[in-house]
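Here you get one chain, nothing else, as structure tokens; it is the form predicted alone.
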């Protein structure tokens, strides 16, 4: 067939996906360079088309992998929340384990045992953070699309508990009332035993006037939210939100950090208690609401620290209510700026820490030169865990086993818990 002179035909070709990258994208070599191809799997033959000067997109999968699976969510592929819903579970869990193994090996932990990964089920995540924007035609609520500032307007999420799914339309309705066109918001929804706890925050969004606040309170009551907070203002509360940490009731502050699922929370608590042995004095660093401090307090005295004073207040209240005021002491302290010093740890025989993704390098350096003999490290970032663990091991600690937790389904992220001891 002849083509009109001067018309550039699309550059298409079939390529083979060679491996799966650390973020869950297939990797293929095209013209001698590696390119990332989302939603593809190793061994697949895919038809790709050039977009611009330096990008290729997948048009179709010509030869699917035996590991290819049907995605569970209509938003998969556009929503940036999940990367691997198209991969069957055995291969997916193997890939996550191997990513963890290679991350540890980069810090010299080649021979550390990696336990079987503990996986939470779908519809188990009880905390989500979403983005929202009001356009001229609609109010959009969801997760950012892949490599974009656009928001995918979600109506379902197989990761979140169903109670959160059922709350999405109610929150979208309230945002439509309160936001002006082109205004954006950040929405945190925690599913608690009392109902959903919703916090809406946004820079540049003014305080609600009395009339609007009243309308939102009515909608929150209609949809049986436990609490609705707009910025710093409490708009509605049917009853205080409550979460269970084993037999202890804790009332988190608006938007308060929770372990993403109760199943993972219980798994991590079990591992901590198993390794606490006969500890007499423990320190819980980055303690949050007391996920580990509260269950441990029946066995030993615990000093708990976190930068968020509202979380500390919630833990203090829960400890008093449970009759543990003489077993748990808690303090609001920024452990990045003011890590506990080695001399402050002289009487401590067990340290538990669960830092944010950045890890806890400054605190670990103090632990390394302290007299502490056991550290239980919970991490949501294997790379910073491996960095911190290397500091401890260089000062005489041992690391034998890592227990991975797939708390962030269909994403490249993995939680873990490990014990380091002298």
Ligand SMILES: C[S@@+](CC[C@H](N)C(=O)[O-])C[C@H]1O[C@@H](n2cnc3c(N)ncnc32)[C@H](O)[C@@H]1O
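Being a predicted model, the structure only gives us computed values, none of them experimental. Numbering follows the first chain given and starts at 1.
Keep in mind that the form predicted together with this ligand is not shown, yet the notes after this line are about it.
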* Structure fact -> Partner contact check in the predicted bound form: of 84-92, 106-114, 329-337, 133-141, the stretch with a heavy atom within 4.5 Å of this ligand is 329-337
* Structure fact -> Picking from 248, 267, 257, 76, the single residue whose non-hydrogen atoms come within 4.5 angstroms of this ligand in the predicted bound form is 257
* Asked: Considering 167, 261, 190, 291, which brings a non-hydrogen atom within 4.5 Å of this ligand in the predicted bound form?
  -> 291
* Asked: Looking in the predicted bound form, any heavy atom of residue 236 within 4.5 Å of this ligand?
  -> no
* residue 287, heavy atom within 4.5 angstroms of this ligand in the predicted bound form -> yes
* Asked: Any of the heavy atoms of residue 308 lying within 4.5 Å of this ligand in the predicted bound form?
  -> yes
* Do residue 355 and this ligand share at least one heavy atom pair within 4.5 Å in the predicted bound form? -> yes
